[in-house]
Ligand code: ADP
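Below, in structure tokens: the form predicted alone, a single chain.
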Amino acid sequence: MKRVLSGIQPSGQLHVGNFAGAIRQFVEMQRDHEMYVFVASYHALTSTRDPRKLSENIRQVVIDYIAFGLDPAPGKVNIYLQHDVPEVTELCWLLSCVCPKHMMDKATSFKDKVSKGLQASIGLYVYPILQAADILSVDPDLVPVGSDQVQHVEITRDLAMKFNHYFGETFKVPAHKLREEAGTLPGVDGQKMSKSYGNTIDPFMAEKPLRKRIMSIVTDSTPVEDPKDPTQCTVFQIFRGLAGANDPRTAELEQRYRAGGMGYGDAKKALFELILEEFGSARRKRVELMNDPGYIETVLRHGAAAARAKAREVTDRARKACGL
């Protein structure tokens, strides 16, 4: 059974784009993979200065992961917080000592922020090294990523191989598993769905504000009676991303677009009904989890214990290899 590692920053409420782009695949992979999924609390400190909000976001991500279908039962998915596995920060230092500066100069996470004229900390500069430590700490075989995150796995592989070159075979060199790009959904404004753009759709919203949010999706001015190209419509792209390209509901909606006589309001209604249907059980599960904080603490305690046990093995190996 292959071991898989993934993480997410607690930057706010998870949305349908997170589900389609990553979480749905994690739910599928948990059937036949050993899963380690962490909340990147240390990484979040590169951008947040609100302790209360960070704490709330961390807990909410864990709740949403489980509501979406990740199973934290023993032997299934180990869900844990990054700061509950301190071995990761020690590995980060060991890896930083073999990391050439030019490797960090090329890292997109730092370059993108600087290019936008935003303040960037040393923490953001060395972000890829900490991410490499996260990955290598549990000896994973696979790291599922979107295309924009492939560089981080490549840096991880490079650092592992550099360490192994200097000190002997110590780290397993993981491979990346590219997530399906069909899972990248547009937001209500047509741009990539992202919390930073404020254009997300939260599937856990109450029905009335959820309907209002979906009705706000930007569309063109094609008359109701005219045929429409579904591939150019944000509403259809979100629908297809959630239902699936081969789902009969997707084919039916596509036919209605191309036939004419359907307004965008009808398409938005179809998307609203799809979200209620697809996330009905998740919405109910989330309410239960919100009212059971003790269960969430138990999940995190067990997840951290499993991750720390593995991380201690890896850290001890790395210490011994470099003479500590």
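Position 1 is the first residue in the sequence shown; the rest follow in order. Just so it is clear, the model here is predicted, and its values are computed rather than measured. The term rigid core refers to the maximal set of C-alpha atoms that superpose within 1.5 Å between the two forms.
Although not depicted, the form predicted together with this ligand is the subject of the following passage.
- The chain is drawn here without this ligand; in the predicted bound form, the stretch among 232 to 240, 191 to 199, 206 to 214, 160 to 168 whose residues come within 4.5 Å of it by any heavy atom is 191 to 199.
- Under a 4.5 angstroms non-hydrogen atom cutoff, this ligand in the predicted bound form lacks T250 among its neighbouring residues.
- The closest heavy atom approach of G303 to this ligand in the predicted bound form falls outside 4.5 Å.
- At a distance threshold of 4.5 angstroms between non-hydrogen atoms, N18 is in contact with this ligand in the predicted bound form.
- Among residues of the shown chain, A321 is not one whose heavy atoms approach this ligand to within 4.5 Å in the predicted bound form.
- A heavy atom within 4.5 Å of this ligand in the predicted bound form is found for exactly one of T108, S147, S115, S121: S147.
- Only one of T222, S96, Q151, T184 comes within 4.5 Å of this ligand in the predicted bound form through a heavy atom, and that residue is T184.
- A displacement of 2 angstroms or greater separates the C-alpha positions of S109 between this form and the one not shown, with the rigid core held in common.
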